[in-house]
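Here we start with a single chain on its own, the form predicted on its own, put down as structure tokens.
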Amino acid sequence: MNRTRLDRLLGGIDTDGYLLDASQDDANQLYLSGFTGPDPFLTLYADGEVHVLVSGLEYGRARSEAAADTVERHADYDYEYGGREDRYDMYARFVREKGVESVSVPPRGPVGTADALRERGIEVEVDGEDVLGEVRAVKTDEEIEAIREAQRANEAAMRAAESLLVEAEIAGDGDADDTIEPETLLYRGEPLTSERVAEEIEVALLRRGCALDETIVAGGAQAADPHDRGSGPLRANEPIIVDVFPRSKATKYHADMTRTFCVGEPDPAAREWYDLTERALEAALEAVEPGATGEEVHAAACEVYEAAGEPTFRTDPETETGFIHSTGHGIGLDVHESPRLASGAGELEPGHVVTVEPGLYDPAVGGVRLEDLVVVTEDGHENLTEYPLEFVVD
């Protein structure tokens, strides 16, 4: 946790404290409390201190693991298995005993908790600016190292995926049975599917202490939708997007990387798209430095595409083909967080960790996307990605 930044930004809120009612699945809760509680619990920041309230079940672990100044349990407030109203009475008492009569809550906090505290005389304000998200956006050296380690696991998973493609054979008219279409990729005589490649990715990540709920292995027309997870047999001579965004089980920090591969001979349009996207990636990376805005980095990628006559959201906000998303996003405890690399995005600061991921999409061609992960430094940026760029695998 960046405690100096936390104290500075939360010290500027208009209320007495900042309250979270969430489980570890909420990145702000995990960040502020440092506790991996699977069920919702309370964390209160007030007067420069962090206070945690958990059930008796989690009390012992919270005392040893939470990054809090105080850890209390429900029994300390004469509550353990009471009803809803009794629980809210406990929440109000917990807050008041820390000298707090007004709290800020995140935009997506539980409405029931907010209303119940208001009914009990505690002022509740919604933090529309997501101050904690802004605190989390600037990473400490320890956080950057956690992301770097997740990225190393990510690259091992990408190598496992690419190895399947390298080993695949291409079905021909005389080689396949009647149920397998020509140009289908075969692995050990069976069609190589998006699901099979995704499985290999997940196994490689598990062996390295990471996991992910889903990944993207999309070929052909499926790759023309940036978030299509991909399904079914993969084919030769067309782009295959592989986008992997795992989370470390130990640190809870994410990595993110995309490569586009082709087995066989891509058509000229796909080859041109790949070359353009590699240039757009290089241009955007060159623009990443402290003081540059996310809008300027996005513009650098857009300009490469626009100069080649490809549509972007910048030139045509209604286009359904071309460069149809932002250039990147922050990454950390969430796979998508501040800052953004997009039109209207603000300045980059040292410690920001962002993806840089230009791409082109059209069902007639498929999709091409390349993504590196970088950290903004005092004098530029460091690319945390060590995986090579290579379109045609062999």
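Sequential numbering from 1, following the sequence displayed. None of the values given here were measured: they were computed from a predicted structure.
A second form of this protein, the form predicted together with another copy of the chain, is not displayed here; the remarks below concern that form.
Taking a 4.5 Å heavy atom cutoff to another copy of the chain in the model of the complex, the contact residue among Val166, Val203, Ala307, Ala250 is Val203.
Listed residues Ala22, Leu384, Val376, Leu370 were compared with another copy of the chain in the model of the complex; Ala22 is the one with a heavy atom within 4.5 Å. Using a 4.5 Å heavy atom cutoff, Pro40, Pro110 and His227 all lie near another copy of the chain in the model of the complex. In summary, the region of this chain contacting another copy of the chain in the model of the complex, judged by heavy atoms within 4.5 Å and restricted to 141-149, 99-107, 288-296, 260-268, corresponds to 99-107. Taking non-hydrogen atoms only, Glu72 never approaches another copy of the chain to within 4.5 angstroms in the model of the complex. Among residues of the shown chain, Arg120 is not one whose heavy atoms approach another copy of the chain to within 4.5 Å in the model of the complex. In the model of the complex, none of the heavy atoms of Asp89 sits within 4.5 Å of a heavy atom of another copy of the chain. Interface residue remark: Ser338 is not counted as part of the site for another copy of the chain in the model of the complex, having no heavy atom within 4.5 Å. Contacts of stretch 125-159 with another copy of the chain in the model of the complex, defined by any heavy atom lying within 4.5 Å, are made by Val126, Gly128, Glu129, listed in sequence order.
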